[in-house]
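One chain comes next, on its own, written as structure tokens: the form predicted alone.
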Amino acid sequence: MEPAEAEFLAEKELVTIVPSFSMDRVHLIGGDLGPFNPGLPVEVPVWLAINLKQRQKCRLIPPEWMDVEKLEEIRDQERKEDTFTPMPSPYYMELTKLLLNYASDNIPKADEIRTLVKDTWDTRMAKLRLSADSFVRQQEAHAKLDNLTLMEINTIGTFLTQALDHMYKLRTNLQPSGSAESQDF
């Protein structure tokens, strides 16, 4: 899966906006949205929130977890624990990127939030690399990956599958064969 595909999935997550227009309920394949009344908060998918924000038709309210204090707690907890801690959203990285790129003027302390999310991501990537290294060194057959997000799995997936493929080839080439025939490479 490409990062753009994970971002596409993240755009289905709901966020709260405060519209500056009136409109009745909108009936879409994915569900009904609205009604939209000026000044009254309503939940919409991220894709619609971004579209309305770009057209200056709404003000975006950041998700509850997109707060400096909460993100500092998450970052610190992630640094303390040896295992992966649950993230506030399965798409925390994608949502941060999207919301800060398109609605940073509606998000207090946007630069600090960007830094905290990046710090958390870097910590998790370092843990993931260490876990993958340990997995390969110990020649494990399976691994349990709790609390990883789709983007994190996507990031390490290609490396891990290639490493396992090389391990398999090395193991099969090192096993003694029953005949004296040459090995195919």
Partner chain sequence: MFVTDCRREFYDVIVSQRVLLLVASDVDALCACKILQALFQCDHVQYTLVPVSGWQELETAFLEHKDQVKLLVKQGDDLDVPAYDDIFRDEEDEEELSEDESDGSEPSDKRRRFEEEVIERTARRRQRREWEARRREILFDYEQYEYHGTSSAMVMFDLAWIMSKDLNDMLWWAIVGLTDQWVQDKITQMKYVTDIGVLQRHVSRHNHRNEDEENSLSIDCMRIAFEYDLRLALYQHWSLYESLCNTSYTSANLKLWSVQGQKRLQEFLADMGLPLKQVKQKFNSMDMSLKENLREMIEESANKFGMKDLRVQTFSIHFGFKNKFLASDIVYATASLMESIEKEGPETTNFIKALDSLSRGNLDKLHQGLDLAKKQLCAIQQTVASCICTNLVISQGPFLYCSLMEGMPDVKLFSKPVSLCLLSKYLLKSFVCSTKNKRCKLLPLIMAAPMDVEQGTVIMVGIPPETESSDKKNFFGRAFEKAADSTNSRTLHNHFDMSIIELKTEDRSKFLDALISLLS
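Numbering follows the first chain given and starts at 1. Keep in mind the model is a prediction, meaning the values are calculated, not measured.
Another form, the form predicted in complex with its partner chain, is not on view; read the next lines as being about it.
With the partner omitted here, the stretch from 145-153, 50-58, 22-30, 117-125 that lies within 4.5 Å of its partner chain by heavy atoms in the predicted complex is 50-58. The shortest heavy atom separation between S104 and its partner chain in the predicted complex is within 4.5 Å.
Its partner chain is not drawn, but in the predicted complex it has a heavy atom within 4.5 Å of K109.
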